Ligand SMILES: Nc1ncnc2c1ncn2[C@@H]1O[C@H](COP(=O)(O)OP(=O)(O)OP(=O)(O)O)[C@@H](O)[C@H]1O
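Here's a solo chain for you in C-alpha cells, the form predicted alone.
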Amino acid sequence: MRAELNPYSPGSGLTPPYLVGRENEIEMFDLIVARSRRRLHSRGIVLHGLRGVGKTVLLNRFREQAERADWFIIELEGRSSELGNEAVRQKLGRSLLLASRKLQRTKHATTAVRHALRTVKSFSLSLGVASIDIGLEALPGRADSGQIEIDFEEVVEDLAPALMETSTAFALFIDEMQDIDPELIIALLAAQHRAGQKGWPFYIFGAGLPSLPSVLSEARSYAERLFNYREIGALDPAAAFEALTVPATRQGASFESGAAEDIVHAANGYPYFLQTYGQASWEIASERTISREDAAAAVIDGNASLDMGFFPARWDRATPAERQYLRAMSIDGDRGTRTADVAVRLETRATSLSPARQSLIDKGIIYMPERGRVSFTVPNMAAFIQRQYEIDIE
C-alpha cells in the first residue's frame, strides 16, 4: 500500500492516529478544568507505568486541553545527571518568563497578574535566567532568596491566586518526573501542598516510571495525598483492536479475519508495539486487505525494528556486569524477579550485586516494585535479552 498514507506512527510521545482506552484519565482532567472555572480546587494527576504505554501521549493531551482553557502552562522533563538537573532548573526559569510574556497578551493579564509576574521575574533571575524580557521589573524580597523551596512557593502564592480571579490556573506538566532532582521535587511538592491547603489553582501533572509514586512519597510523606495516581498499562483487547484497526479503516484499508487479533496478541496490548506492528503490516501488505500472512510477517519485521532501536536504547547503556544481572532477570520473563534468585543464578552474594542493581535503577532500566524484587521498566525486555543471549552464544 502507499507508504505516504501509512497511518501508524511509533515513536516516543507521538500521538497515535486513534487514541483509545484512556477515556477515564481524559475525563478526570476535564473535570479539573471545569472545577477550576468555578474556583474549586482539585488534586493533580500522576501517571506511572512502563515505557511505551502512552504516558507522554496522555500528558500531552492534558496539556492541549489546558492550553484551550488558557491556563498558564510550564512543561518540564526530568533528567537524571547533574548537568541535567541544572538544565531542568534553567528550563523552569525560561519557561516561566516565556509563559509570562504570552500571558500579558491575553485577557487574563489583570493588574494583580502583572504584579505577580514581577515575582516570576525575581525567581527566574535567582535561577540565573536573565535573557528574556517580559517588560516588568523584578519584585525585591519575593522569590529571590536562592532557596528554591521557599522561592517557588512564593511564585505560586503570588501567581495562582491572581489567576484565580480570571478563572484560569497555573499548571506544571512534567515528563520523566522520577528523574527530577530531590531538592526540586521537594520544592514542587511543597508548593502543591500549600496550594491545596489554600485552594489556589496550581496543579502538577506528572508522568514517569512505576517507581514514581515511591519517589514522591520518599521526598514528602504527604505526597500520596496530593495527587490522583493512575497506573497506565497495556490496553485491554477491545481497545487494542480499535487502536490498530480504526486508523486503517480511515484510510480505506482493512484486516482479514484473525489478522488484527494476531497483531494485538503479539503486542500484548502495548500501544508502542501496536503502532510498530501496524506500520510494518501496512508496508508489507500489497492489497488493501491485510492478511494473516501479512500480519505474521509484520510481527517479525516489527520485532527486528524494535531490536534495532527500542530495546538497544536501554541494553547498550548497561555495563557487562549489569547485562549479566539483566540476563539473570530475563529467565523469569516480564513478571519480575526476586533479588535473591538473581544472586543464586549468578553464583554470588546478593550484597555484591547491589551496585549493579542500583545503577540499573538509576538508568531507568529496572525498578523495584517491592522490597527484594526487581522488574523491567520496558515491556517484552526479557524476550529481547534472551534473543541477545542467543546471538552472543552462536
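Keep in mind it's a predicted model, so treat the numbers as computed, not measured. Residue indices: 1-based, along the sequence shown.
Quick note: we don't show the form predicted in complex with this ligand, though the next part is all about it.
Tell me, out of S100, T168, S124, Q275, which residue has a non-hydrogen atom within 4.5 angstroms of this ligand in the predicted complex.
Comparing distances to this ligand in the predicted complex, the residue within 4.5 Å is Q275.
I need to confirm a contact call. Of L50, I45, A66, V342, which residue comes within 4.5 Å of this ligand in the predicted complex, counting heavy atoms only?
The residue in contact is L50.
When this ligand is placed as it is in the predicted complex, which of 365 to 373, 37 to 45, 51 to 59, 348 to 356 ends up with heavy atoms within 4.5 Å of it?
Stretch 51 to 59 is the one.
Is there a non-hydrogen atom of P271 within 4.5 angstroms of a non-hydrogen atom of this ligand in the predicted complex?
P271: yes, in contact with this ligand in the predicted complex.
Look up in the predicted complex whether L188 has a non-hydrogen atom within 4.5 angstroms of this ligand, and give yes or no.
Contact with this ligand, no.
Please tell me whether any heavy atom belonging to L14 falls inside 4.5 Å of a heavy atom of this ligand, as the geometry stands in the predicted complex.
Yes.
With the partner left out of view, is A383 within 4.5 angstroms of this ligand in the predicted complex by any non-hydrogen atom?
Judged by the heavy-atom cut-off of 4.5 Å, A383 is well away from this ligand in the predicted complex.
Which residues in 222 to 258 have a heavy atom within 4.5 Å of this ligand in the predicted complex?
The stretch 222 to 258, when checked against this ligand in the predicted complex, contributes L235, A243 at the 4.5 Å heavy-atom cut-off.
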